[in-house]
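Presented as C-alpha cells, the chain that follows is alone, the form predicted on its own.
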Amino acid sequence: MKKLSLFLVVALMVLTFGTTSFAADEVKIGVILPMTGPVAAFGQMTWEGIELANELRPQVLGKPVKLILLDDKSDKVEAANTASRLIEKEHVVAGIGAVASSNTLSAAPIFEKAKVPLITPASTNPLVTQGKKFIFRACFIDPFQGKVAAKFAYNNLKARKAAILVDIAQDYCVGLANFFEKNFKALGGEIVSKTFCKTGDQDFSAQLTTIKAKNPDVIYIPNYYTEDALIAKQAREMGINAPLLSGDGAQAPQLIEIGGKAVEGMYYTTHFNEKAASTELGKKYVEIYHKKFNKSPNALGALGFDAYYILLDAIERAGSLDPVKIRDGIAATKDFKGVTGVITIDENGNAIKSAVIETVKNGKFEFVTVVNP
C-alpha cells in the first residue's frame, strides 16, 4: 500500500512539473528572432521593441513576465529547433516570432501541434497563418502589401511597365512579387520582365541586363535589405535609372549603409513611421524610444512592441495562463490601439491595419503616405 501511495505521489509530481503549470510564479513567453545570420538586423530591431514593451509592462495577472529569447540564426531548420526547445524544455505559455516568413513557417507547426499560441511581429506571407488556429500576426499580410505597392507604382509613379527581380529562396519575397504582379496587371500595367536571384547572391548583372533592355518605368525588388542594396548599386552603375520599389524587407539601416547613394529615392511599403503615429500608445512609444535609443524608431521594433502588448492584453482578458484560453484572447482582439495603428485580428489570425510608404532621402528613411485597408 505504501509503495502504491509513493507511486501516485511521484506520478502526480511528474504531471505537475513536467508540463506547463498555469499557476506558475512567472509568465514564460518564448521569443524566436534572427539575432545572427543574413537578416540579423531584423531580429535586433524587433528585440529592441519587445524589450521596451517588457520594461513598460513587466507583469501580467500580477506575475512577472520572463522572456526567453532564442536565436534562429536566420535559418529555417534552426527556427524549428528553437520552437521545439521553447515548447518541450521551457514550457512557455505563448511565443513571439519569428521575423522572416520562411522561419515562422518552420516554427508554426510545432506551436500549433502543442496548442500554444504564437504571434509573429513581421511575417507577412499569408501561408504563415493559413489553416492554423494558434498562429497569429501583428503585421498586415502580403496580398494587402502587394496591392498597396502596385497602386503606388501605377497611380503615384505613373508606371505602366514594371520589371520584377525577386529572391526565389525566400517565401516572403516570392509571395510578395506575385501579389504585386497580379494587382499591377489588374490596374492595366504590364510586367515586361521577371527575373530571379537567391539570398547571398553578389552579382545581378545578368538579370539587370535583361531588365535594362525592357526599359521599365519601375523595378519591383521585394527582397531583403542586403540584396536590394546590391541590386540598386549595380543597377545605377549600369545606367538604369528607373525608380526602385520594394517591400518591408528593405527597411533596415544596412540598406543605406550598403547601398549608399544608389538607394536614394527608393520606395518601399512598411508598417510604421513616427510621423504616422496616431494612437496614444504610438505617440508614447516614439517619445520613449527616442529617449532610450537616441534615434528614430523603426517598423520592426514597433511591431515587436505591438506583438508583446497584444499578447499581454489577451492574457489579461483571458484571466488565465492556459495557452488555449490565451489563444482565444488573441483571436478576439478588436480595435486594439497599438503603436503601428488600430489592429483587429480577423478569423484567419491576420491583423487588419494600415500600411505606410517610405522613401530614402538624403541618407535617411522618410515618410511618404499612409494607405488604409
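When you see a residue number, it is the position in the sequence shown, counting from 1. Only a predicted model underlies this, so the values are computations on that prediction, with no experimental measurement involved.
The following text describes the form predicted in complex with a small molecule, which does not appear among the structures shown.
Asks: Give a yes/no on whether Tyr224 approaches the small molecule to within 4.5 Å in the predicted complex, heavy atoms considered.
Replies: Yes, contact at 4.5 Å.
Asks: Asn125: heavy atom within 4.5 Å of the small molecule in the predicted complex?
Replies: Contact with the small molecule, yes.
Asks: With a 4.5 Å heavy atom cut-off, would you call Gly249 a contact of the small molecule in the predicted complex?
Replies: Answer yes; at least one heavy atom of Gly249 falls within 4.5 Å of the small molecule in the predicted complex.
Asks: At 4.5 Å between heavy atoms, is Ile219 in contact with the small molecule in the predicted complex?
Replies: Heavy-atom contact with the small molecule at 4.5 Å: absent for Ile219.
Asks: Given that the partner is absent here, state which listed stretch (92-100, 150-158, 180-188, 289-297) has heavy atoms within 4.5 Å of the small molecule in the predicted complex.
Replies: Answer to the contact question: 92-100.
Asks: Between Tyr285, Tyr172, Phe111, Phe136, only one gets a heavy atom within 4.5 angstroms of the small molecule in the predicted complex; which residue is that?
Replies: Comparing distances to the small molecule in the predicted complex, the residue within 4.5 Å is Tyr172.
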